[in-house]
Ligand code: DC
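One chain follows as structure tokens, the form predicted on its own.
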């Protein structure tokens, strides 16, 4: 049986770093669903399309050749034969991604690809609706959280040397993104009692990953 671990939470809580470490220890691929939405947003910007236009986004995905390729440690997103890589991590793509993600057609299209990949390969999957919508039946659900100011500082360090802007602008953009993610009608960011809540503001990535691994392995062995 394939193992699927769901890790949800807002931007800047360290989901990607933690998920990669958990996946490496479990021996399954890391799947960053955020990169999948970012890839659609990136393609929309490349095509000079409005990410907020649902009809334009439906037409865009209808013509996309979109792949998830298993790598040594994680699934690589490839769009029309190109792997965008670090181009997906700019503030411009950040802002476009939450606008793309509100469209039900985009979400259902990408969710189907996520489920297909994880059913075949197993995965540690991180995003904003993994445990509530994409894999609601998995027993391994974790919600990472931290105050906005701490998340913004982490994102500034992540963007060092790239198009990052100033701290005030980043705080404003992340606050707006949180609001859009929480309030959107399609698969909003939320958690319920089936999640284990982890505050990442004090522990480092290794400590958070270790806590998740303990929970996953304890569930696998049973009482």
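Given the structure is predicted, the values throughout are model-derived calculations rather than measurements. Residue numbers count along the first chain shown, from 1.
The form predicted together with this ligand is left out here; the points below concern that form.
No residue in the set 145, 195 and 200 has a non-hydrogen atom no more than 4.5 Å from this ligand in the predicted bound form. Annotated contact segment (heavy atom within 4.5 Å of this ligand in the predicted bound form): 101-109, selected among 101-109, 136-144, 116-124, 76-84. At the 4.5 Å threshold, heavy atoms of residue 151 stay clear of this ligand in the predicted bound form, well away from it. Contact annotation: residue 184 falls within 4.5 Å of this ligand in the predicted bound form, judged by heavy atom distances. In the predicted bound form, none of the heavy atoms of residue 43 sits within 4.5 Å of a heavy atom of this ligand. Residue 29 falls outside the set of residues with a heavy atom inside 4.5 Å of this ligand in the predicted bound form.
In sequence order, 126, 127, 128, 129, 130 are the residues of 109-135 having a heavy atom within 4.5 Å of this ligand in the predicted bound form; the partner itself is omitted from this view.
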